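Quick heads-up: it's one chain on its own, the form predicted alone, in structure tokens.
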């Protein structure tokens, strides 16, 4: 799933997602003190806009130029959001963000493949500043069945939780029912959620 794949996906429709922030973000980040946030795989920008309107300064990153142009255009009319969000095209699975730079690293349905050395994941974890929060939400693994399970190629919150050392405190590690309808054409009824605080 390279940049071309995602550009083609976003070009396929005028708007791919609802324009609303992910409900897990709203539930878990509403009470956090605003600071610097990294929105990993920002897509059309709804999460970045929600954070910016609550006082965060957001670096919103996606591999898709089409998605970023769409997100920036939608936010342009809102001066507060425009001044608080930096839109950036990058592949954070290949190029790690600055270490210790963010009070919140937010990853929602970001397709992060498992690696034997966890290189990309470790780069994203390192981006969380001491006292900052990691928020990771994804689709839980489907029930075992016939055929290959491609979802197992990607990290689940429990996988990440097991890799966090004593410098972290786990606040949430659970699978919960979705509070909003799933995206059109999908049948996701639950979210798998990890929220962890970097202690040092």
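Note that the structure is a prediction, hence the values are computed from the model and not measured. Positions refer to the first chain, counted from 1.
Quick note: we don't show the form predicted in complex with a small molecule, though the next part is all about it.
Pick the stretch from 162 to 170, 26 to 34, 127 to 135, 41 to 49 whose residues have a heavy atom within 4.5 Å of the small molecule in the model of the complex. So the stretch in question is 41 to 49.
In the model of the complex, does residue 100 have a heavy atom within 4.5 Å of the small molecule? No, residue 100 sits far enough from the small molecule in the model of the complex that none of its heavy atoms falls within 4.5 Å.
If you check in the model of the complex, is residue 110 within 4.5 Å of the small molecule, heavy atoms only? Within the cut-off, so yes.
For residue 90, is any heavy atom within 4.5 Å of the small molecule in the model of the complex, or not? Residue 90 belongs to the contact set for the small molecule.
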